[in-house]
Each structure stands twice: as C-alpha cells, then as structure tokens.
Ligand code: NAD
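Shown next as structure tokens: one chain only, the form predicted on its own.
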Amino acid sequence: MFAQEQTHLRNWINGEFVDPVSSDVAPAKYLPVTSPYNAKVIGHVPLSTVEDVNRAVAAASAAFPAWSKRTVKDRAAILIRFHSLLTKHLDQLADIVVLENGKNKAEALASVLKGQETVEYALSLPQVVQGKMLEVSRGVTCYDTRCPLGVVASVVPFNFPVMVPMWTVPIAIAMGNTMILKPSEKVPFTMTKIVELLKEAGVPDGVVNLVHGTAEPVNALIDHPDVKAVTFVGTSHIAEAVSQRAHRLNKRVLALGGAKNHMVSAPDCNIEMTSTDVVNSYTGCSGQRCMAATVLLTIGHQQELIDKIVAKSQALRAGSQAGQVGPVIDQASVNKITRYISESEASGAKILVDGRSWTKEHQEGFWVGPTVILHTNKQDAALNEEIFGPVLSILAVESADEALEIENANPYGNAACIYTNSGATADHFVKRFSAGMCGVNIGVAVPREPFSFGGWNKSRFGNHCDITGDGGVEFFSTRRKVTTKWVPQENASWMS
C-alpha cells in the first residue's frame, strides 16, 4: 500500500528518497506512526533536523532557475499528467488516508477529489494569469506580469493528508516556484506516495521536496534565508507564532488557524434538511476539520429540530464505511474531547447524546462518538473553544441579534451558517456574520474553486490572502509592473 517498502520513511529531496542526516554523535531519530483504528504502529517517521532542511532548500534553490524560466503553459502541462495519475491512484490514496488518518472510505475518497479540484484550478492558470495591458497615455503603455517568489515552504496538518497539501503545491509550482513540504508527522505516508506521482508526471528533481518531522524543520524552514514564503495550517496559537516568526524576518506568510463555527437556525428553517446538515457538519471526518460547525444557536426553543438531531446522531455507528464515523487521530485527542464533555456536564449542561460510551466500548483505537450537548450557560468552554471532535453544542437564544452577538464575540472567524427559508433572513445574517466563509442552509460552507478558502480574525494570520484560487495565485507570485514609451524615429516611413 505504501510508497516505500520499508516502514521507516525517508525524506524526498532532489527527486529521490534520502535518509535523514545522521552521524555517530547524533544518529537520526524516528517517531512511531499509529493507525487511529487500532492504535497499532504502521511505520516510523524521521525527526528531521536543520541539516535536512538545508539539503532540501539547496535542492529547491538549484531547481528554481530552470523551472521558473519555463512557461506557465509548460508547467501546467506537467500538472495535467499529475491530475491523471491522481485519478489512476485514487483508491490507493484513499486507503492510505483511511489507515493513517481514520476517515471512513467515502470521506477519504472525497478528500482526494477535493484536492483534485485545486489541481484542476492550477491547470487553468495559463488562462488566468496573463496580466493586464493598457495604453495609459499617448505613446505610453503599462502592463504587468506575475513572477515566482523562489523557494516556498508549506506546513500541513494531519486532518486532510491530500487535500490541504493540494491547496498549495499545484498553484505554487505552476506559478514557477519550487516547494518544500512538511507533512504532519501523524500522517506521513500519503504525501510520500504523492511525491512519487509528481515525479512520474514529469516534475523535475528538486521542484518538490518533502521533509518529515515536528517543530525543528518548521522553524528551520521559516528561518532559512532562501525560503521566500511559508504557508501553515493548524491550531491558532501555532499559526500566530508561525506568522510572527516569519514577519520578524520580513517574510511572506499565510497561516490558517483554528475555528469555532456557528450555525443559526431560524424558526422557519426546514427541519428535515437542517437536522441532516447539522449532523453531517459536526460528525463528518469525526469533527476533525476546521469547517465543522460545532455550535447551533436556535432562535427560540426548537424542540422538534433538536429531537431530529439527537435521533440522527444516535443512529450513527463506528466504522470505516460510508455513513459511519471513524476514530479521532490519537489518545491525546480522545482525552481533550472527553474532557470538554465532562466539564460541560459538571457545569450543568445536559448531555443529549454521549459519545464517551464509544471510548469505553472500543478497547483498541481512538474513539469518541457523536455527542450533543444542550447548554444554558454561555460561558461553557465547549461553546467557546475549538474541540476538534464530533461534539455539537446547542444553545437557545431569544433573537437574531443575540445569535449574531454570540457569533461576533467569538475570537475565531472561519465560517458561519444560517438555516432559513427566507431570503431576507439569510441576507441579514450573511452581511453581519464575522466570518470569512458563510453558508445559507450549508453547514460546511467550503468555497469551491475558483473561489478561495480562508477565514478571518484568529482563523487567519499573516499576509491577507486566501490559500486557494486567486488568493493562492496572489500569495505565490509578485507583480512586475512595466511602463514603456518608444520615441518615434525621425523621418520614419511605413517600412521603418
């Protein structure tokens, strides 16, 4: 199944797998990788050092001149072949995601296909990035072109082993940059397979490199003077630290952080559709996605809607098949999620569906079932902090203004949704939500290409671009503006 026969993974530098830097004094260190389904070790990932990052940057720097001189059409043509290979290996890639991340098979397939969408957008860049030209005054013309930055780095999380790397890699290299990717140490196998497919597609050696590890290679990538830009996706406190570290070096950075996404149900919402969408939003991918909507604010007490949500949540089963809920990533996540549930219960909240039972029922793996909490205290931590698990907090509010006040007061600004049958109500909320991505009757309001992905407030730090679509083009390139004037020759004829 895996891209390498050996379970001790290696870095991918200059078009080949290489062992991490080791010496008699400091032998290379490895971290075990476990499957969330049974907690069994499925491999070992190297803990790369500054020396490993230096090797990757050197390879990317050497590859940049030739790669950047190619036309965008030439670079996009290689990505066409890569797109075909992703389709050919779709099932295999999904199986790796299931094993190392814990998604069910349908979710894993969907995540690979969503990554494909950004590849498809990158294929369109020859038609998107031509630039502008205008005769601004008689005999004077202005035009602009987009130039690659150089070596760029992307640090990606565990929750989408294919999709999130595809947010950056295709656009970055299509624009002429060379890339160093640092995948999560919790899910290193998927991108290990992807880099092989990139080489098979024709991406030259050194254009895309892979360095495994934890914090040390991340800091080394940010600090390296030849790395011109860094993207990061993860928790907000680390995203903010990454942004601050990069900005101190006057370096371009885009760091996406966490989320606490709110859904508001108006009294006129379609109860059947809303209940299904709410459950899909908070339980999909076991709640381990920044777009999971985990707070439902009902305008008034909506018992019928709550009953439907409870019934549909209780009907869900654990497993790896479509419609089932998979495990969370590790024991630390189990502990964190169950702590929030227990603290809510202790504070007086009512646990309508208790996912802690799954933790007791499954002796192997990392399991927390769908959980629905009915709150009365606005200060409950589960209502205000990111949990990153299949937990839904419900709070009844008296009015639309109160719902907006709660959503606006949250420090995050990733996504928000309104459920209603009224266009006027939808318009009222969409214009007042403090969130970068808003939904109307859609709890997972992920923009689809060519629209860009990105939140506001403490969900996004750094340069104010989004990470996909035209936001990605803007981030991974810089504009060269040219103004020209040609002085006519004296005594010129039509043959001059």
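Just so it is clear, the model here is predicted, and its values are computed rather than measured. Just count from 1 along the sequence shown to find any residue number.
The same protein also has a form predicted in complex with nicotinamide-adenine-dinucleotide, omitted here; what follows describes it.
**Q** Hey, with nicotinamide-adenine-dinucleotide in the predicted bound form, do A172, K199 and S477 all fall inside the 4.5 Å heavy atom range?
**A** Checking in the predicted bound form: none of A172, K199 and S477 is within 4.5 Å of nicotinamide-adenine-dinucleotide.
**Q** Tell me which of 343-351, 369-377, 303-311, 257-265 has residues with heavy atoms within 4.5 angstroms of nicotinamide-adenine-dinucleotide in the predicted bound form?
**A** Going through the listed ranges, the match is 257-265.
**Q** Just to be sure I understand the contacts: of S320, T359, Q116, T235, which is the one whose heavy atoms reach within 4.5 angstroms of nicotinamide-adenine-dinucleotide in the predicted bound form?
**A** Checking each option against nicotinamide-adenine-dinucleotide in the predicted bound form, the one that comes within 4.5 Å is T235.
**Q** Just one of A382, M166, V156, L86 has a heavy atom within 4.5 Å of nicotinamide-adenine-dinucleotide in the predicted bound form. Which one?
**A** Checking each option against nicotinamide-adenine-dinucleotide in the predicted bound form, the one that comes within 4.5 Å is V156.
**Q** Going by a heavy atom distance of 4.5 Å, is A122 a contact of nicotinamide-adenine-dinucleotide in the predicted bound form?
**A** Result no; A122 lies far from nicotinamide-adenine-dinucleotide in the predicted bound form.
**Q** How about S281 - does it come within 4.5 Å of nicotinamide-adenine-dinucleotide in the predicted bound form, if we only consider non-hydrogen atoms?
**A** Residue-level check for S281: no, no contact with nicotinamide-adenine-dinucleotide.
**Q** In the predicted bound form, is there a heavy atom of nicotinamide-adenine-dinucleotide that lies within 4.5 Å of any heavy atom of V112, even though the partner is absent here?
**A** No, V112 stays farther than 4.5 Å from nicotinamide-adenine-dinucleotide in the predicted bound form.
**Q** I'd like to know if E386 sits close to nicotinamide-adenine-dinucleotide in the predicted bound form, meaning any non-hydrogen atom pair within 4.5 angstroms.
**A** Output for E386 is yes: heavy atoms within 4.5 Å of nicotinamide-adenine-dinucleotide.
**Q** Suppose contact means any heavy atom within 4.5 Å; which members of 457-485 contact nicotinamide-adenine-dinucleotide in the predicted bound form?
**A** Only S459 sits within 4.5 Å of the partner.
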